[in-house]
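Heads up, the chain below is alone and in the form predicted on its own; it's given as structure tokens.
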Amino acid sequence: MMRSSSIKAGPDHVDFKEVLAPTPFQDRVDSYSLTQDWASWNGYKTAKTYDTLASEYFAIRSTCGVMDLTPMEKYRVGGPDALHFLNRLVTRDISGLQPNRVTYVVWCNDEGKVLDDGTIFSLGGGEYRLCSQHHQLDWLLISSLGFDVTIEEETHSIAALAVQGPTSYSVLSAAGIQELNGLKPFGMINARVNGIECMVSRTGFTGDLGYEIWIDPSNASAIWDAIFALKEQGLFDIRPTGLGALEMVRIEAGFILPGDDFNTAETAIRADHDRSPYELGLGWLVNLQKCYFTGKRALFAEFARPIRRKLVRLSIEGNKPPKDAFLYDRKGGGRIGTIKSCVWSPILKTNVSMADIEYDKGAPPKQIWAEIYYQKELEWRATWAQCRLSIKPFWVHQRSSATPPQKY
């Protein structure tokens, strides 16, 4: 048996301008927004910045940043075959996923090309939550044929807040969550804030200490108020953060984003413009020893061949923004790739980026140069900047894994 959330039909005549839906936190978000700088995230009205990009970035890196995660796609998977179905769907072996644990996964089509990445939460009692960047209900329903599972979209029925940064542990403890001492990374607990039930996971997209709170939408404002009351009392510097700051910290942390760093198999139009897990540097998420999963045959064949291209992390010399820059194996040499996403890292004092580059017989180029075009006083100029591969994330702090975390 399968079930899915109902889809409401729109009116007969619709304005071509997109109407963005409010999240359960919208009245609180609106009250903090000084810029009124909005973007669409899965059809929801989402803040790009509230005040200044710098203040929001340093809130995450130095104090505590709070972000509305409600627009993230969320699916509840249950039934006797739930775990078997999910293990068949994703490339990683999750057969040993224990209750109250979270794991990072990717899933592919039959050609071994990535459809999306996300996280699976083991809720206990044979129930799971799958979170993804893009809409996946159709693929989940198709993939579940023959399995005794229930699949329900719960994007709109679960509100979520990310609470990230060095003081996030102290903030949530002061808000009344006392069970965080023993919570390890990728763990989760059921908790209460001022008597309100919620689920708290030690997860995030920042590379720093952080948590995510999952609650009923009717309690969203009360949870927000409980956290920001600590700011009003002068106990902590807590700031709402938007998509702009998240983009900065996720690149520093080396996290990839479908649609920004690579084309998903669903959205790619031309052949060879989609990517496999190996080409995204996610080969560690592929377990070729487990039982069959979607895309295994193609990935098994690809594993035996030298890799031809890969999404890599590059640090780039100089201070000129390398947005969309072409990459070459030497100055004026042959083109080998493109910068996909980039940011000037205030904490590292350098440009960092995700880049798609060609490999030669399974090896990266010995040199990588970016041809950067930039504008100065209304004149376009060009310069060359040397790039360096980074195997590890550009930035990660030891407090992100310390258990229990230190109080700041």
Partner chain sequence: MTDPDVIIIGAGHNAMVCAGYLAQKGRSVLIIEQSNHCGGLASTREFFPGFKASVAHTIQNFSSKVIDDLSLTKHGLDLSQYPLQTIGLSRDGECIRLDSSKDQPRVSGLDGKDEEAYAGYMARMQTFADMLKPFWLKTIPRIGSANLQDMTTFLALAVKLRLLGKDEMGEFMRIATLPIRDLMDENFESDLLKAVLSWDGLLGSKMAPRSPNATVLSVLYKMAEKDAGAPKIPVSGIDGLVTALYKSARSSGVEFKLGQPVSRVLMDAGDHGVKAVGVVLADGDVIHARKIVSGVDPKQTFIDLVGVENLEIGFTNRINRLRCDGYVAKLHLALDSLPVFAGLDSPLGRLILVSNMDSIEFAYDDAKYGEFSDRPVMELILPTLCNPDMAPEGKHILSGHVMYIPHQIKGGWTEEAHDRLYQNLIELLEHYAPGIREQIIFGELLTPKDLEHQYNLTGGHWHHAEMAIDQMFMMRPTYEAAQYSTPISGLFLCGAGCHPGGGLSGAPGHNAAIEILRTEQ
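Keep in mind that what you see is a predicted model, and the values were worked out from it rather than measured. Positions refer to the first chain, counted from 1.
Keep in mind that the form predicted together with its partner chain is missing from the display, and what follows is about it.
Between 273-281, 292-300, 326-334, 243-251, the stretch whose residues reach within 4.5 angstroms of its partner chain in the predicted bound form through a non-hydrogen atom is 292-300. The contact with its partner chain in the predicted bound form, taken as any heavy atom within 4.5 Å, belongs to 110 out of 179, 260, 110, 216.
Residue-level contacts in the predicted bound form: of 139, 128, 205, 228, one residue has a heavy atom within 4.5 Å of its partner chain, and it is 139. Contact between residue 255 and its partner chain in the predicted bound form is not found at the 4.5 Å heavy atom cutoff. For the chain shown alone, residue 147 is a contact residue for its partner chain in the predicted bound form, at least one non-hydrogen atom being within 4.5 angstroms.
Taking the partner from elsewhere, residue 89 is found to have a heavy atom lying within 4.5 Å of its partner chain in the predicted bound form. Its partner chain in the predicted bound form is not approached by residue 309, whose heavy atoms all lie more than 4.5 angstroms from it.
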